[in-house]
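The chain below stands alone and is given in structure tokens; this is the form predicted alone.
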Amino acid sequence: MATFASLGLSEWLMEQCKQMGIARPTQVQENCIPAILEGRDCMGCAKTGSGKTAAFVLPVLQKLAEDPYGIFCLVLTPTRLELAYQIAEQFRVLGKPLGLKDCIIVGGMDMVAQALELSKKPHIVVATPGRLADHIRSSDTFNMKRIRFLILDEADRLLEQGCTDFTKDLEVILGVVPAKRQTLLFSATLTDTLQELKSIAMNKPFFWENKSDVRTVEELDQRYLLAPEKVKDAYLVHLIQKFQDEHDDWSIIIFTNTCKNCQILTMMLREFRFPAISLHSMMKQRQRFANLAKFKSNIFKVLIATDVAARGLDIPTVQVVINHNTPGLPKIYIHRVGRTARAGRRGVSITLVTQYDIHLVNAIEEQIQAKLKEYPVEEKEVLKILTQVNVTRRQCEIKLESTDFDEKKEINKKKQMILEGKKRGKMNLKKFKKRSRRKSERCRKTN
């Protein structure tokens, strides 16, 4: 079995790994670190929870220690505050002996303060494409001409086109970083876009993909629980009670499909005296970050979240993931359950499956190449709390309706529609100008 020494890492880095409880390299680290240290571009695709972040953080820190200057490394990540802070934290902890300076550039924060941070030439910049592109367009107080590493984390999300299309922002960023650099792409899922990138000639490119047939880690015990739609919440409360009684130190993440449902479930579980906290996109970013910090530090043992928390978050103490709704896409399921059983630890995932979700479970099992086992539950115990759960849920719904929660949602929708309308308006203007040019050309020809 490989060791960090055999991969070529320095002693000080191995000591930092030891202090963090990282004894041996994972597969993605074992395969990708030597190639990165050799100066090659790298694309790594591995299961969620397999240690991808450390696979690029460790070699970058080793190279930085050899020649520390200016903005050395740029890490781009999808539009998520939590993931950006987590990557920066790994750089900070592992690079502590270097006196590392990092800078986080994400939306929702003060741009002037961020511009000042960039002008101080931090060693590591972790950014979302949209906000960094805004800084490049509006400021000349910093430059990225000496960057040695460009890293795309969650590369499948960054490069896919659709509702979150980063193409224009990436073009702006790629226009200011040097052509002579190392480019590293990491992802948990290999999409068609990433497959196409393999054929592009890069800097002595190295590609590694986890070839396992099973798309989730072996340490994960994957279960399903058949629960009629109308009694699903009672099953959820029963599960939380069971885990809290048997393992009061366990942390649990519950995934649900909407922000409103996330808020209602949090309120409901608190009524049952469970230490629950929420995380969803309707919350302000500072509040999301604060809530995540409280969950990481075990102040709260239960986190109810939408898919904003499904990717990238590394919280080693999570023992259980519960899917309150069956994910509509197998890819989402893989990322959700990947929040537990990380870096060789064991974990359990339980998906609540209603009578309408059987086809979704079949699709998930086909994708992950594994069968979900049934989770045994005493139905009599669930029926005992059914009425109380339904009444409490309704009370929480009424309480939430009395706030401006739905109003905020509508305002956000309108903002999005206005933005989309502007984009459509620009497109229509271009089409109009094109037609006008064609008409004038035809007129000239006829005359």
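Everything quoted here is computed from the prediction, not taken from an experiment. In this text, residue numbers run from 1 along the sequence as written.
Below, we refer to the form predicted in complex with a small molecule, which is not included among the displayed structures.
Next item on the list: Can you work out whether the small molecule is within 4.5 angstroms of a heavy atom in all three of Gln29, Thr48 and Arg342 in the model of the complex?
Entry: The answer is yes; Gln29, Thr48 and Arg342 each reach the small molecule.
Notebook entry, point to check: Does Asp102 reach the small molecule in the model of the complex, with heavy atoms at most 4.5 Å apart?
Noted result: Output for Asp102 is no: heavy atoms all beyond 4.5 Å of the small molecule.
Check: Is there a heavy atom of Lys18 lying 4.5 Å or less from a heavy atom of the small molecule in the model of the complex?
Finding: Residue-level check for Lys18: no, no contact with the small molecule.
Notebook entry, point to check: Though only this chain appears here, would Val318 touch the small molecule in the model of the complex if you measure heavy atom gaps against 4.5 Å?
Noted result: Judged by the heavy-atom cut-off of 4.5 Å, Val318 is well away from the small molecule in the model of the complex.
Margin query: Is Glu154 part of the interface with the small molecule in the model of the complex - any heavy atom within 4.5 Å?
Written below: Output for Glu154 is yes: heavy atoms within 4.5 Å of the small molecule.
Next item on the list: Choose from 377-385, 51-59, 390-398, 66-74 the stretch whose residues reach within 4.5 Å of the small molecule in the model of the complex, heavy atoms counted.
Entry: Correct option: 51-59.
Note to self: Just to confirm, with a 4.5 Å cut-off on non-hydrogen atoms, which of Gln90, Gln114, Asn257, Thr183 contacts the small molecule in the model of the complex?
What the structure shows: Contact check passes for Gln90.
Next item on the list: Find the only residue in Asp314, Asp134, Glu209, Glu365 having a heavy atom within 4.5 Å of the small molecule in the model of the complex.
Entry: By the 4.5 Å heavy-atom cutoff, the listed residue in contact is Asp314.
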